[in-house]
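Below, in structure tokens: the form predicted alone, a single chain.
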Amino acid sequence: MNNLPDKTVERLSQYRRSLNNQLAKGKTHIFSHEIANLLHITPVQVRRDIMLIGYSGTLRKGYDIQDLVNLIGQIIDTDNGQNIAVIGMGNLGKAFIHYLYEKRTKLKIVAAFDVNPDKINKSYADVYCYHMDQLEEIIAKESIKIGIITTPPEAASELADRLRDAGLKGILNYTPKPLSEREGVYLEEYDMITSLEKVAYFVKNK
């Protein structure tokens, strides 16, 4: 399962969240068209993704929700979880920390970094904020593999280089400045303005 397409992995995460919601409602089995309706995609896409991970349901009952959730977990998660650092403790950085703290997933934010003296040497939802000068030291000490950049955009490129050199294998860039690929690092970028403009376009044309 090391070579699943990016979009498939993204949808698997979405499937798992939706399926867990169905489990919480007492539902035990589900059909592809029901999953499709939850995520506003086609049943064909759902079936392709689930076939790609080697799972199949039955014509009479559909997919066993708990089995499918467990399988997606085996594909996406690691046994011991993965440690994350947030770089930039503005409102967005704090929101990430509180969100993951409440979710209790196997993705754990273990350190935060900033240069603002009002933010460093403080804890946010049990996550300690260090000065940026300690970045490499703490990444090594805490075995951090993923970094979330929420700094002002002008700092993003230099930070991405520092994170790569410190041994990180994944970067989530939440600044509006696009980053170039770094060898050996998986890069995911999210531009809130682009997403908002997409929504605005469809609202305009309704």
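The first residue of the sequence shown is number 1, and the count goes up from there. Remember, it's a predicted structure, so these values are computed and weren't measured experimentally.
The form predicted in complex with a further copy of the same chain exists for this protein as well; it is not shown, and the discussion that follows is about that form.
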Worksheet entry | Segment assignment from 158-166, 62-70, 139-147, 26-34: heavy atom within 4.5 Å of a further copy of the same chain in the predicted complex | 139-147
Worksheet item: Just to confirm, residue 92 within 4.5 Å of a further copy of the same chain in the predicted complex by heavy atoms?
Response: yes
Discussion item. In the predicted complex, is there a heavy atom of a further copy of the same chain that lies within 4.5 Å of any heavy atom of residue 84, even though the partner is absent here?
Written reply: yes
Worksheet item: Looking at the partner-bound form in the predicted complex, is residue 181 within 4.5 Å of a further copy of the same chain by any heavy atom?
Response: yes
Worksheet entry | is_contact(residue 99, a further copy of the same chain) in the predicted complex, heavy atom dist at most 4.5 Å | yes
Practice prompt. Go through 39-65 residue by residue and record those having a heavy atom within 4.5 Å of a further copy of the same chain in the predicted complex; state none if no residue qualifies.
Written response: 40
